[in-house]
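Just the one chain here, the form predicted on its own, laid out as structure tokens.
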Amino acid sequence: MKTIAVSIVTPDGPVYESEAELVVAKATSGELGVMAGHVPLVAPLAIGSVRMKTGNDQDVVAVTGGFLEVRPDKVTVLAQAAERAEEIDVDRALRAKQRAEERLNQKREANIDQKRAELALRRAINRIQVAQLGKK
């Protein structure tokens, strides 16, 4: 099966560079699957995972939004933040999830930014899920 070059980049630099037969990402409009020769497109990404599959192997990267650019021979993900599954500190993500949940539970008592707390919770849950996907 043909492969396509995949590059995931953040403001801090490249996070992932490789070839894959299939790239699956969560756009704001739903999941997209991209293979070599795909028509060009640009799509905004939601908080989620980008999965690169080659044969029976799968690499997973957690992303916190950004953009997916597809060309027939290359997929580029420009993400605000990204972490490879094997690099995620699950304990840290669990603590972040707990903090976000506590902030949301005390919204009536304190003057918190609810949207910010909800996003923090979604990012933490995504990191935990991606870390678990990476172990499969």
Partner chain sequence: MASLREIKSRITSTQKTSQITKAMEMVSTAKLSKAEQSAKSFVPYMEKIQDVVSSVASGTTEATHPMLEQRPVKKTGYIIITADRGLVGAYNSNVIRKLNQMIQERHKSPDEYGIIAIGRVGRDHFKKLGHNILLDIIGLHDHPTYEEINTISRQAVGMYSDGTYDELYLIYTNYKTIISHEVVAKKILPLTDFESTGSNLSYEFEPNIEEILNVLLPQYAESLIFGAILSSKASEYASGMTAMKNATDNAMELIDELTLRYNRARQDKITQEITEIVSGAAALE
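Positions refer to the first chain, counted from 1. A quick note: this is a predicted structure, and the numbers were derived from the prediction, not measured.
Same protein, other form: the form predicted in complex with its partner chain, not shown, and the subject of what follows.
- In the predicted bound form, its partner chain sits beyond 4.5 Å of every heavy atom of residue 121.
- Although the partner is absent from this view, residue 69 contacts its partner chain in the predicted bound form, with a non-hydrogen atom inside 4.5 angstroms.
- Its partner chain is not shown here, but in the predicted bound form it comes within 4.5 Å of a heavy atom of residue 10.
- The closest heavy atom approach of residue 43 to its partner chain in the predicted bound form falls within 4.5 Å.
- Proximity to its partner chain in the predicted bound form, defined as a heavy atom within 4.5 Å, singles out one entry of 88, 35, 96, 78, which is 78.
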